[in-house]
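This document starts with one chain, in the form predicted on its own, laid out as structure tokens.
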């Protein structure tokens, strides 16, 4: 059986036999990349999770294949980053064609001195399998296949779910429910919620084909190619000699006829050439939308991923954004569950991730409008840009074949502490995700900065030596709060050993940590548990750090 259809056994839930209601702190609905990542994130924080999925297989095709660097960093914290990097295809070069000629190419280049590249291509079913394998080692997660949620009732203290299985039905009572059940979310429908935004009247065909060929590991995008005149096409490499081919088909088509191999083959032959031998792995067709829920937080049901927002596939913004939703939500829900933060902290999830969804929708809509112009005027302008771009470099930024996914910098978040005027440049401002850099560890081995961060509030403190670090560690030690304690990570200059220093410290081996964080002795960054900057200051002041921590927890 191919990996894309790996199945998992149904186990009769004990509640079906006893008639009792399952009582759990958190239930997650949907075991795709978003739901699986949510379960691992919460379990890593000590939360017990019930994860329900109405199916018993991983995804049936490549689907979300392009994993961005920030999502790889989150996945690394969840324990699968190395597997994704080892199996996936790393790419940097993209080429853009107009008809039968190359217009220009770009090179993302490997991300300088960071653990993960800009993007890795890997089939979604591998991604899901790696997460499921990790969950098998996590006793706090109860993953149940063939458990379909058919009813939702909320009250002030929690949510009651009705669940149907092949062996019968039962009920679940949870304090909180995360709805990660995809684009056609039954949870969304059961709560009577709908998207706002735009549906694009166009169809795209996906053909995953396996072939061996001396084709470079590059992203190729065609506007109006000879093999698909008047439309567009895209080509991406995946592991196992599988290539993702996308073909724009237009709106008025017969969907059943369009996916038949005999109708797909002329397009594939036109792209690959007449002599290339290939076989189909998966054929599918889709339309796309740029829409979202008005709010992601609905009392005690929280929406994430495609259940909360949808974008076109151009730019790899869908699944990447969904995992980043979870990265934002997990630590906040954990603190609320423990009584360490007020329930209002969850409003910042809605504020920040709605902001991220709007940014993704804006970029996705612009890309789609350029790729699929709907009026003669817009098409004429698009084609003129492509013609001029061959010889005029200044025109090339106007070409939009999908602005690639970048992590959101949370602007004006209520849980951030603004910079003091004149202390820093805008780079790495509050709301920014932390940047990676090479470091030397206390045992003398080499490592990465981001591997030392996360799942807690952390003060990244730049010091001139060990004596300075020891004094600061003592001043910061008495936060008096186990769950919300601020743990320091001291950054020592190259050439100074952390030997004998009890506090956690790294050596800025190549000076890149100081360069990327504008660091000098005394500079402090307060990092949230999701590795985003909560505050930064030029002088180490424990009281100011605690105020910023309280604000980041919704207590300011």
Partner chain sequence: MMNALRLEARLSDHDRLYDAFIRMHDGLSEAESQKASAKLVLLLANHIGEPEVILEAIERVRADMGDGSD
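Positions refer to the first chain, counted from 1. Owing to the predicted nature of the structure, the values given are computational and were not obtained by experimental measurement.
Note that the form predicted together with the partner chain isn't included here; everything after this is about it.
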Contact stretch among 227-235, 139-147, 123-131, 381-389 - heavy atom within 4.5 Å of the partner chain in the predicted complex: 381-389
is_contact(residue 104, the partner chain) in the predicted complex, heavy atom dist at most 4.5 Å: no
Any non-hydrogen atom of residue 377 within 4.5 angstroms of the partner chain in the predicted complex: yes
Partner proximity in the predicted complex: residue 398 to the partner chain, non-hydrogen atom cutoff 4.5 Å: yes
Exercise: residue 394 in contact with the partner chain in the predicted complex, heavy atom 4.5 Å: yes
